[in-house]
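Okay, so here's just one chain, in structure tokens, the form predicted alone.
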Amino acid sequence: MADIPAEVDVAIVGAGPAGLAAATELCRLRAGRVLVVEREAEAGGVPRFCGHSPYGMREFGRPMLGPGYARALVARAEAAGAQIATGVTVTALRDGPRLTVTSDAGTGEVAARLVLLTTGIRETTRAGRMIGGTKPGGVLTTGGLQGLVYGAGLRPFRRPVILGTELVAFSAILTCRHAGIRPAAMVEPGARITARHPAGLLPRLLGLPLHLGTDLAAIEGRERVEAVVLRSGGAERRLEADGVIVTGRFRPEATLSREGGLTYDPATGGPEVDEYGRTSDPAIFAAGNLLRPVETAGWCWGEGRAVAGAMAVALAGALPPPAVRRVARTGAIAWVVPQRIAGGCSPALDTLQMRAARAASGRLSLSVDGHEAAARALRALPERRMLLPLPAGTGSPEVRLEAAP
């Protein structure tokens, strides 16, 4: 493959905010030749299809629309000296490390001193949610909707139902508004919306009915969606609609890392890492939404930049030995990142990031060898970020969320 070098110092898989931030930082730190490979035809990640604010405050000091933000990240990485190869799919991650890649130009292999995986996340589809009924056209994830609206300039329906209330569901509302689409309803199985306040005000401001404690039980229609069946409190009712937007319930895009033999965390759905972003293979690092179900573009950008700093230290042979201490979690904690602690100075992931398994009011604590090192009271909701300081010392850390009775 003529346009892709056979050997580089760092190969980055994925050209979203985390991968582009890492490429920029590695070039700034003079880490050698940096190659970013992206399977899509255009770099920039999910923000390319999010034609709304706010993006860019942390990165560029001003609010930006998603497509402009993505272009600015790409321009910054290229100006720093990174090579970005689009339309290139990595089909295998091998020892060395080496990447097997394929594109319209054929297949090839790239050898690198270090690899960074920033392959991101995907939404759970209708099939993954086991929604009943027929299988008509007009059922999309938020990503599919944004691709049609912002990428192809299409309006796939006029009166869809939006399923879910994670932050991405409100992005779907804004995408609909941009395209002149008026959703028929927003449906949430839980008793309250998942996204933080004030996102919940948006449906009310737009006159969009919000049904809490309601399941989307079935989809009706032949060629196109004609109606949905909503279930609440054991009762069902039919609502006419011409589409369904299935939002959220993200999972890391971890096929490459799993097939590459990296230690997998069933709780997050991504690879295990230590506080330097280093996976079970010390030559392979990971950052961004591959590490957990979902975070913001700005968070992923900052994480990619921080892990790039650790990779530059690794290239100089100065990182501590791979981690052996695991972070235990108990109580109502669904997952924690990083999962392992190596110890040493200047960690890339300088906090323990967690999510609650369920809504809980209680106490979040960190103990090391049975001695409490940090604690705080909080009201926790699923999909909302919880942070504690990274534990110092060489003891065995444990995080716990104790729910009040």
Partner chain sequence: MTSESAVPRGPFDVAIVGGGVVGCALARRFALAGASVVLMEKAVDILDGASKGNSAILHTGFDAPPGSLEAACIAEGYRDYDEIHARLGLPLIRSGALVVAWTDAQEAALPSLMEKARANGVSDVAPLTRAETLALEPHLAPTLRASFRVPREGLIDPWSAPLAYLTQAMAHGAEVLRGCAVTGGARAGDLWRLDTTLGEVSARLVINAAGLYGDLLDEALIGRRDFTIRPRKGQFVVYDKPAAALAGHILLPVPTAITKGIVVCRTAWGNLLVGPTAEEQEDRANAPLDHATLDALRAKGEEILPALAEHDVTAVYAGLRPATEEKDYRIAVHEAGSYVTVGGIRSTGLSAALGIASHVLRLAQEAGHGWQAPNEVAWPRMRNISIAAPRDHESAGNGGIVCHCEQVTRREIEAALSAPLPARSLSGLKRRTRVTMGRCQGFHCSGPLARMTAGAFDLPMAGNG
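Computed from a prediction, not measured in an experiment: that's the story for all the values here. Residue numbers count along the first chain shown, from 1.
A second form of this protein, the form predicted in complex with the partner chain, is not displayed here; the remarks below concern that form.
For the residues G151, G261, G190, P322, the 4.5 Å heavy atom test against the partner chain in the predicted bound form is passed only by G151. Checked against the partner chain in the predicted bound form, the candidates G96, G213, G128, P209 yield a single residue with a heavy atom inside 4.5 Å, and that residue is G128. Using a 4.5 angstroms threshold between heavy atoms, S280 stays clear of the partner chain in the predicted bound form.
In the predicted bound form, at least one heavy atom of E253 sits within 4.5 Å of the partner chain. Contact check for E59: every heavy atom lies farther than 4.5 Å from the partner chain in the predicted bound form.
Contact between R224 and the partner chain in the predicted bound form is found at the 4.5 Å heavy atom cutoff. Only one segment in the set 330 to 338, 136 to 144, 272 to 280, 198 to 206 has residues whose heavy atoms sit within 4.5 Å of the partner chain in the predicted bound form; it is 136 to 144. Taken together, the three residues E40, T102 and P156 all come within 4.5 Å of the partner chain in the predicted bound form, as judged by their closest heavy atom.
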